[in-house]
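Taking the form predicted on its own, here's one chain by itself in structure tokens.
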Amino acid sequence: MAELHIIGQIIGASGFPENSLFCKWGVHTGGAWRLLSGLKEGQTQVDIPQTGDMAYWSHPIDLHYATKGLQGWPKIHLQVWHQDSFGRCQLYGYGYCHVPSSPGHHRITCVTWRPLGSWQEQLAQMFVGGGPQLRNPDLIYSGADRYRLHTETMGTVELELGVIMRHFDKYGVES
């Protein structure tokens, strides 16, 4: 079986309307992929930057997959959340990016977005907080019905990933 190692970190996020951010993340793969070691989902700590607008997490990612095919190449999906001074959490953005398909060191910028909702929901969000969320988070990376959503762009999340590939040449993949 071909093997893929993903070693890196979620560096942090910037460009969001407020600080005090944390990130929930996960990796989605096709049916031919098997996780040999590592955690395929997790959550960072909350960072409240003292200067600037970059929230630094430096959250480690270390995954080891085995596969017999390329279909369903791994994707990292992200949810960025804001925690206010009362401990309430509000969704600030969804995003996803493909794991690079070439070995080596990669720096990835993942753009994020969030659903807008109706004008009543937007008004309530300004005064009360909260806001619309996806019922099915699979829409983040599937794209099937995503085109129908009304969204607004949010900030970006920086990732640093090292990709190591083994035995892919036996399956016709040149690296």
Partner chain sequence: METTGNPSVFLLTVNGQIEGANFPDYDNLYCKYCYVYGHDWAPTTGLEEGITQITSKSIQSHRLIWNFPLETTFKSTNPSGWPQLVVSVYGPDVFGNDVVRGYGATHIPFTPGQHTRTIPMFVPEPTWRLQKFTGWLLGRRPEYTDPKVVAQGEGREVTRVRSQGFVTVSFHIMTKDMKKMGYDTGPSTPSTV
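Numbering follows the first chain given and starts at 1. Nothing here was measured: the structure is a model prediction, and the numbers come from that model.
Below, we refer to the form predicted together with the partner chain, which is not included among the displayed structures.
**Message:** in the predicted complex, does Met1 come within 4.5 Å of the partner chain, counting heavy atoms only?
**Reply:** Contact with the partner chain, no.
**Message:** Just checking whether His98 would be counted as a contact of the partner chain in the predicted complex - the rule being heavy atoms within 4.5 angstroms.
**Reply:** No.
**Asked** Would Gly72 show up as a contact with the partner chain in the predicted complex if we use heavy atoms at 4.5 Å?
**Response** Because no heavy atom of Gly72 falls inside 4.5 Å of the partner chain in the predicted complex, the answer is no.
**Request:** Find out whether any non-hydrogen atom of Thr112 is located within 4.5 angstroms of the partner chain in the predicted complex, and reply yes or no.
**Result:** No - in the predicted complex, heavy atoms of Thr112 and the partner chain never come within 4.5 Å of each other.
**Request:** At a 4.5 angstroms cut-off on non-hydrogen atoms, which residues of 67-104 are near the partner chain in the predicted complex? List them in order.
**Result:** Gln83, Asp84, Ser85, Gly87, Pro103, Gly104, in sequence order.
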